[in-house]
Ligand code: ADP
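One chain comes next, on its own, written out as structure tokens in the form predicted alone.
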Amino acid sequence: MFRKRSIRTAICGAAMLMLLSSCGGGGESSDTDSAPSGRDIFAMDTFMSLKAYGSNAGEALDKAEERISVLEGELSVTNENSDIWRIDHAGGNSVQVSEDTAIILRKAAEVSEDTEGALNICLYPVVSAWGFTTGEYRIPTKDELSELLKNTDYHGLSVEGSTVSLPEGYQIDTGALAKGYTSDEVIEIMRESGVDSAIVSLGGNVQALGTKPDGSLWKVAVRDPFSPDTDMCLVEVGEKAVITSGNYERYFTGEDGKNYWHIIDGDDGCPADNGAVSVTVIGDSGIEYDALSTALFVMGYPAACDYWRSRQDFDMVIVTDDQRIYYTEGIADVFSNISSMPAEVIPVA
């Protein structure tokens, strides 16, 4: 028998938790600039919470909800009318896709190349073999994984304009980028609607517009991967995305007593187990840092630190399997450790 972790059916059960000065539930738009308008949505297999301030907040939330619905329809891996389903079942033929899908797939190819395959959206058949797409969990044999990995080279994905092609036998899933792209789009809708203070939580993805109405920074809590019902640290941010990938988000316990999680290492087709149990990335782009949080998790602590040192245009918090927290110096002044684990700054060199 396999044991699946229970899923908390509340927004606060997400990997990241928004901490707001006003914490009321979703409701109708307010006529005052100081009271938030909220919307709770279940989409993309994720509980989402949107909060916006100002007289245009209600209209912005309506548009955001519509946009989320459109994106879910385009990016679903199981909806036969979606772009992704059509690509996966095209038998190697080219497929015309929406602009949204093309943007996401180009970013996936870019990050895959930059991280040397640590991000690989072509691993969908392997993820399916473990049961993470159906809930029918199992541990595939080494021979089965070896056979499946033959059709997972990320270089096989081709995107030319709005035309996408994938070799026959390949399948993709945009789960590592979809919510990041969606949060970017929601924030842009807020901005275009005249909202200058908003925050959205899409599962493990939190993204903010501006600051709180009183001018203070947003406080975002990162979950403790060893005790996911509690918070580990707080990070104060302005207009940033704060995105976490962790081994506690989707997993099952095998008959051998070991936990197996959904973030797969393309080298062997098994759950990535390179020393990191949680990676949080903080930066300007939802889509890029959604993808990067997955890639850095696959890399593990030493390699992720080396990657950050090569760029230093984002911040991150990494928790290792020996229960230690490491964070970059760019957030040193806004980082608060509220756990019993030791925390230290990652050295630049």
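The first residue of the shown sequence is 1; numbering continues from there. None of the values given here were measured: they were computed from a predicted structure.
Although not depicted, the form predicted together with ligand ADP is the subject of the following passage.
Asker: Checking a candidate spot here: are Ala176, Thr294 and Val298 all in contact with ligand ADP in the predicted bound form (at least one heavy atom each within 4.5 Å)?
Answerer: Contact check passed for all of Ala176, Thr294 and Val298.
Asker: Looking at Ile263, Leu209, Leu71, Cys233, which is the one with a non-hydrogen atom within 4.5 Å of ligand ADP in the predicted bound form?
Answerer: Filtering the options by heavy-atom distance leaves Ile263.
Asker: Counting non-hydrogen atoms within 4.5 angstroms of ligand ADP in the predicted bound form, say which of Leu148, Ile121, Leu166, Ala221 makes the cut.
Answerer: By the 4.5 Å criterion, the partner-contacting residue is Ile121.
Asker: With the partner left out of view, is Val127 within 4.5 angstroms of ligand ADP in the predicted bound form by any non-hydrogen atom?
Answerer: Looking in the predicted bound form, residue contacts with ligand ADP include Val127, since a heavy atom lies within 4.5 Å.
Asker: Give a yes or no for Ser201: in the predicted bound form, does one of its heavy atoms lie within 4.5 Å of a heavy atom belonging to ligand ADP?
Answerer: Answer no; every heavy atom of Ser201 is more than 4.5 Å from ligand ADP in the predicted bound form.
Asker: Would you check, heavy atoms only and a 4.5 Å threshold, whether Asp100 touches ligand ADP in the predicted bound form?
Answerer: Close contact is absent here: in the predicted bound form, Asp100 is far from ligand ADP, nothing within 4.5 Å, heavy atoms only.
Asker: Given that ligand ADP is not shown alongside this chain, does Ser245 nevertheless sit within 4.5 Å of it in the predicted bound form, heavy atom to heavy atom?
Answerer: Because a heavy atom of Ser245 falls inside 4.5 Å of ligand ADP in the predicted bound form, the answer is yes.
Asker: Among 167 to 175, 190 to 198, 82 to 90, 152 to 160, mark the stretch whose residues have heavy atoms within 4.5 Å of ligand ADP in the predicted bound form.
Answerer: Only one stretch passes the 4.5 Å heavy-atom test: 167 to 175.
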